[in-house]
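One chain is shown next in structure tokens, namely the form predicted on its own.
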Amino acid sequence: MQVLVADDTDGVSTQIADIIEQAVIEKPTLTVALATGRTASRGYHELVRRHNRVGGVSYRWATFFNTDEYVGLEPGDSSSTRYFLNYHFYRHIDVPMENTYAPCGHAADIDAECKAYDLLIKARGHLDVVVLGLGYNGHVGFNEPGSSIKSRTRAVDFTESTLAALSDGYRFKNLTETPSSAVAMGLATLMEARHVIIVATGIGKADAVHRILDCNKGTTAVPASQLTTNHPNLTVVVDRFAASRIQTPLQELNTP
């Protein structure tokens, strides 16, 4: 595991972009899974900025997967994760749209959709890089507390804290408009990725960062801790505010 502490959100964005850009340079056919949210989107904006400069990295041969999608929303819905990544990232780079995938949140048979999504990821050779936001309750990719390390893509019901966070006006205006569940890549799918990046910014995430790095490691009560404990190549990128409650010395957390 590697823990990177940046001064601010711009520094976190730079770290995210550095990792993905270098990975694409080393492997142009990279397969990437992306979460949505304010913290992650800043990193995608930085990738777009770099891509559009002279000599920018090409994504023509890369493949992108959304890590999740809200149940009940169609791809064209402005609150869907598919729309989010189309708007903030995919349409600004040279990746063919047929190489970008998201679960179908309005599928008639959600279970079948989940199985098909896992098969598609497997057919693409599994994931090279995954970017995940960290929830206030320790969830990642909407794998809520109680999620098994063996879980695959499935529909997950949101906890009260996640519903509250989603209804803050950034994505959904209020609880009434907020979906109650999402199709989410499971922890087993994420564990198979060659490199996982967990990002968090702001003082509000300090407790969650503390919990995944200092205590309760590898517990279903804090899903992200299962990755920080068990994944062989994981990077945690935080700003100094989110890192403010870390108690373990960074030199002990940063293991080869």
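Heads up: residue numbers just count along the shown sequence, starting at 1. Since this is a predicted model, take the numbers as computed values, not measurements.
This protein has a second form, the form predicted together with a small molecule, left out of what is shown; the following refers to that one.
**Student:** In the predicted complex, which of the stretches 86 to 94, 119 to 127, 141 to 149, 102 to 110 has residues with heavy atoms within 4.5 Å of the small molecule?
**Tutor:** Checking each option against the 4.5 Å cut-off leaves 141 to 149.
**Student:** Hey, in the predicted complex, does His51 get a heavy atom within 4.5 angstroms of the small molecule?
**Tutor:** Because no heavy atom of His51 falls inside 4.5 Å of the small molecule in the predicted complex, the answer is no.
**Student:** Spell out, yes or no, whether the shortest heavy atom distance between Thr31 and the small molecule in the predicted complex is within 4.5 Å.
**Tutor:** No, Thr31 is distant from the partner.
**Student:** Would Glu46 count as touching the small molecule in the predicted complex under a 4.5 Å heavy atom rule?
**Tutor:** Answer no; every heavy atom of Glu46 is more than 4.5 Å from the small molecule in the predicted complex.
**Student:** Would Gly186 show up as a contact with the small molecule in the predicted complex if we use heavy atoms at 4.5 Å?
**Tutor:** No, no contact at 4.5 Å.
**Student:** Just to confirm, with a 4.5 Å cut-off on non-hydrogen atoms, which of Ile198, Ile212, Leu190, Ala35 contacts the small molecule in the predicted complex?
**Tutor:** Only one option qualifies, and that one is Ala35.
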